[in-house]
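Just one chain follows, in the form predicted on its own, and it is written as structure tokens.
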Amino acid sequence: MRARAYAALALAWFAVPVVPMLIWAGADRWTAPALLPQELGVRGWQAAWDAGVLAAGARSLLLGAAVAAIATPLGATAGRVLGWGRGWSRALVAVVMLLPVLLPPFAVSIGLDVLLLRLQVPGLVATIAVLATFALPYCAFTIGAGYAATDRTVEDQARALGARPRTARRRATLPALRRPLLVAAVLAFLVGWSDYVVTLLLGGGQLVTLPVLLGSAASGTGNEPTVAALAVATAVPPVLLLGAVVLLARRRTRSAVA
């Protein structure tokens, strides 16, 4: 009962700020001190469409997928050391994985921007590489927890039965890590999807994703319906993705119990 009350409070904490955004997304005019909009409409959505919300969403989707595709397998490699490693190697990997989290993204982006410009690295490549680096700790520690909760003898038994190390890992270990791998991939995708600072700086203004489009609109005044529409377009896909992951995890759990 107490857990449900805490969950309800946490949900309310996140939901309350969303309510004005949703109202603004369906309002054409809402001036103070009115509690509700004076005019409802789709002016914000029309402006968001004209600004290229669909193309920006496609770029965010591809950016998030690219970051997840790079950070998840690298995180699995580091997670194996974190979960099953011993001694100094485990401590060293943990420290290396924490560095991207400890360094401020803005400072790192400013420094890399100068370096990558001198090396003539394309902005898109640099953005994906840096975001994958920032996503790597989340993947490594998530998958590392999965390794720590998995019995290592499963892989040892597969090797004892004649399987090669790579085959034993693919056939015996990775199936037991489906859930942490899925969660890690989602986290990495969200890092790429929701990033603003790195994409803006390293993308050089040419890589216009949904957060960049939202930031540009929010820098102006008097366009609250457009900002709200872009905010909804930016927030809804990750929420749907998380909901799908939760449902998939519950379905697998019920299947395993049955």
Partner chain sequence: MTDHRDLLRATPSLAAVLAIAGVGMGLVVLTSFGLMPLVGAPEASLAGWRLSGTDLLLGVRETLVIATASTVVACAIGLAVGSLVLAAGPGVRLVRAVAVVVLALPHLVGAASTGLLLRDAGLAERVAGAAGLPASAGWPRLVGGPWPVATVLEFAWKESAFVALVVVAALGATHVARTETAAALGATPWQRWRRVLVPASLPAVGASGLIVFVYTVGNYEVAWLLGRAYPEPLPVLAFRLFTSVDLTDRPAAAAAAAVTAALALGTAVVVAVLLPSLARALGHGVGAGGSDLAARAGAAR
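These numbers were taken from a predicted model, which means no experiment stands behind them. The term rigid core refers to the maximal set of C-alpha atoms that superpose within 1.5 Å between the two forms. Numbering follows the first chain given and starts at 1.
Here the subject shifts to the form predicted in complex with its partner chain, a form of this protein not shown in this document.
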Report yes if any heavy atom of residue 30 sits within 4.5 Å of a heavy atom of its partner chain in the model of the complex; otherwise report no. yes
Under a 4.5 Å heavy atom criterion, is residue 173 part of the interface with its partner chain in the model of the complex? no
Would you classify residue 164 as touching its partner chain in the model of the complex, given a 4.5 Å non-hydrogen atom cut-off? no
Would residue 194 sit within 4.5 Å of its partner chain in the model of the complex, counting heavy atoms only? yes
Identify which of 177, 168, 78, 185 has a heavy atom within 4.5 Å of its partner chain in the model of the complex; exactly one of them does. 78
Using the arrangement in the model of the complex, list in sequence order the residues of 118-152 with any heavy atom within 4.5 angstroms of its partner chain. 118, 129, 130, 133, 136, 137, 138, 141, 142, 145, 152
Fitting the rigid core first, would the Cα of residue 12 be found 2 Å or more away between the shown form and the other one? yes
